[in-house]
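One chain comes next, on its own, written out as structure tokens in the form predicted on its own.
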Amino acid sequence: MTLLVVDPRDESQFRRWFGVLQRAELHRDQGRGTGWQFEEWRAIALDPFAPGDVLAWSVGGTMAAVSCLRMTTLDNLSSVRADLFVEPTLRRRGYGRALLEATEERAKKAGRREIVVYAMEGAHEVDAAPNRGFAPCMGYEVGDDSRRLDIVWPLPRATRHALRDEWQPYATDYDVVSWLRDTPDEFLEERARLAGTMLTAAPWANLEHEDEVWSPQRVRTHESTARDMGRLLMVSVARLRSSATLVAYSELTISELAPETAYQWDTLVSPEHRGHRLGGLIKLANFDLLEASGLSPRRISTFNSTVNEPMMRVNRALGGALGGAAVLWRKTLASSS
């Protein structure tokens, strides 16, 4: 058995790594979706602001389990995010455990004191997936527990108009502005400022974060990463009319090559501007962009922490039904010295 460090630029090797990830995802989701695409994960691994340490546990030349540590370079330098997947036909043989232990060692050597491992669950196994027993045995505790809600698309225009008419009277002091792909220059500084507060302003069950360091250049890199993934990025923001300050934003993306599912990325409303239905209004604005794009997904998938009931209510009002879950398992790492 061998620990391999995979180079995302080596297409052949990275395709083998990605194949394990994709088969694990499709197995978990029982054919409900297409899962991640190859170019999407390669773009993630090559993100200059959080480059991936891409690993594989090789058994007899076969990649039995794969993982990726995403090492932030500007902020939150004491913690690290990890994703781990096991080849479905090779489960329950200890390969996931072995790779997780090796992944933790890599994180410790990089000076990280906390690791957060993302575990996805299909609709048939919410709260009962194997990670619920495995992670605590490995010393992890729940950092956050979220639900995936799937919104059937197309959402009828009549439904969208009715929701907009219901929510708009609460937001008379705000304007909603939308765009595709690249942030207009006039919003760039404000967009960066708001994105930097995402981790600290969003509610989490048992995780602590620092503000992220976002600059206009980081926004541009984020947008170019979406392009490299082959994804159309749709963004809507809420602007306080009296000051032109951006107080909320929402991102919706869809693969232009495999458009079966559109994914909600970040949605944030600044705490002092909550209660004005801005989250729902900017999501509806992105739905208008999706309709105009000509792409025809079957659903929109969005994840919300179970402690974020206000946003859960918004997504249920939009027709969201339970489609799965994601658990963020956290562990404090002992020093490697």
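Since the model is a prediction, treat every value here as computed from it, not as a measurement. Residue numbers here begin at 1 and follow the sequence given.
Although it is not shown, the form predicted in complex with a small molecule is what the next lines describe.
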So, a 4.5 angstroms cut-off on heavy atom distances: do all three of 86, 97 and 117 pass it with respect to the small molecule in the predicted complex? yes
Would you check, heavy atoms only and a 4.5 Å threshold, whether residue 225 touches the small molecule in the predicted complex? no
With a 4.5 Å heavy atom cut-off, would you call residue 329 a contact of the small molecule in the predicted complex? yes
Just to confirm, residue 176 within 4.5 Å of the small molecule in the predicted complex by heavy atoms? no
Using 4.5 Å between non-hydrogen atoms, is residue 137 touching the small molecule in the predicted complex? yes
Please tell me which of 230, 111, 154, 130 lies within 4.5 Å of the small molecule in the predicted complex, judged by heavy atoms. 130
Single option in 161, 181, 91, 209 placed near the small molecule in the predicted complex, where near means a heavy atom within 4.5 Å: 91
Spot the stretch among 187-195, 212-220, 168-176, 118-126 with residues whose non-hydrogen atoms come within 4.5 Å of the small molecule in the predicted complex. 118-126
